[in-house]
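Shown next as structure tokens: one chain only, the form predicted alone.
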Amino acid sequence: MSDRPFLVLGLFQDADKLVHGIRALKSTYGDKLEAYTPYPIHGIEKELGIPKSHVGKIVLALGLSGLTLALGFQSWVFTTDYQIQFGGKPYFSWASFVPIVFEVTVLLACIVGAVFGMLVLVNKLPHYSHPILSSRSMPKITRDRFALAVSVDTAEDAARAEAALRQAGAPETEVVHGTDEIGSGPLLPLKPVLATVIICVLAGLGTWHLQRLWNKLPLISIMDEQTKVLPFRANAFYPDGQSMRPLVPGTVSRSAEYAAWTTPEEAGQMLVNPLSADSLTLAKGRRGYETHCLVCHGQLGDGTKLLSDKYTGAPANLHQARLKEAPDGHLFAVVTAGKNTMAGYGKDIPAADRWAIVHYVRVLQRALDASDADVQAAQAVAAAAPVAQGGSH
């Protein structure tokens, strides 16, 4: 250790006397003052004139970097690189990204930003050569004494600082010799990195060696021994002894159509046809009618079945007054759930196609008993239709 005086320590009995000493010497020594205490003292940085630490800015920058990295990576994976549907959620389901975003943000902000930012960038560690660590006062500072340090360059400065500290109320003083220089050379900036690498290598080798000694020691035994139920296996937990449980009453699949109505009359009051009666809808409804309905209700919907007489059912005549006056929801409910001997087509025909069939039934009803207005409208449509090229008139 160098014989050059480095600093002078003055030990105080409590924090209030330390703050009083700082105020007494601040005008003389300014930024040459530093305090060492066994526990943090609120406001002492302001008394010493120490600027606000940059650790907060480092933590904020790395935290935002972690948030951006995690959110951007997950967004790219699930929307572009590997699209997977989870429970009908959109590809960019930001709520499901939150756990990973939180973990990466905390990892970079706390571990990298706070720990390494404070140790390496702010405190310049690893650096173990500070002279105060080997001073006589260090054991007292770590217990119950409050030290005020004055940086000095010569023995004369040390003598004046010692006298000033005693005059400010320090009952004990000590002149600390040495230097805080950490050396020089091209490898100096790499010392923290090299120290971290060495620690990681030693930790890895130690773990590998322990695994060789106790290779049968389970690391996460709870996951290996967790209670679980396999399909088609007996299970004494339930009274019926079965592991596969029936569905809860009222359970429906995600793709199932929920029906709040129970009768066609209720459906007529609750449901409204969501489709417009355009040409595409009527064409789709005609295909659906001819595929599923025509064989029983007939080409015109008048109940003239195409089946043999061995079929004793009596298909409804769709032109009777009560069905003409029934709301669209009533007809939709009959097509969906069936009625009398007619089976329901809710599982076989999509809802949009069932509504299209209802539109086509309305066309059949009006076509068989068309009013003068319907005839005039049909003639107007025919007159506006383009004439085929090449034919004679």
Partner chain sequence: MGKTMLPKLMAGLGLLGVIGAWFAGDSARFSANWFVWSILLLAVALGSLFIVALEHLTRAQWSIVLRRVPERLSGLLPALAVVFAIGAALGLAGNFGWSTPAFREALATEPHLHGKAIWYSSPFFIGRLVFIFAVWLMSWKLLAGGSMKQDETKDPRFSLFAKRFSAPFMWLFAISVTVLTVDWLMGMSPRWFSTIFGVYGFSGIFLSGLAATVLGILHLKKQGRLQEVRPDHLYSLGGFLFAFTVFWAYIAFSQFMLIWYANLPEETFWFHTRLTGGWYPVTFILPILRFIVPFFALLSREVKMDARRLSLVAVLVLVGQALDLYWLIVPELGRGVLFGWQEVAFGLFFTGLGLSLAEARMNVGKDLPEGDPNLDASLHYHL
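None of these values were measured; they are calculated from a predicted model. Positions refer to the first chain, counted from 1.
Heads up, the form predicted together with the partner chain isn't pictured, but that's what we're talking about next.
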item	value
Interface segment, criterion being heavy atoms within 4.5 Å of the partner chain in the predicted bound form, picked from 297-305, 273-281, 233-241, 85-93	85-93
Residue contact check: E47 to the partner chain in the predicted bound form, 4.5 Å heavy atom	no
Contact flag, A367 vs the partner chain in the predicted bound form, heavy atom cut 4.5 Å	no
Residue contact check: A351 to the partner chain in the predicted bound form, 4.5 Å heavy atom	no
Non-hydrogen atom contact A343 with the partner chain in the predicted bound form at 4.5 angstroms	no
Heavy atom within 4.5 Å of the partner chain in the predicted bound form - residue from P99, G72, G313, G204	P99
Contacting member of K347, K324, K339, K52, with respect to the partner chain in the predicted bound form [4.5 Å, heavy atom]	K52
Partner contacts in the predicted bound form for 42-79 (non-hydrogen atom within 4.5 angstroms of the partner chain)	H42, E45, K52, L60, L64
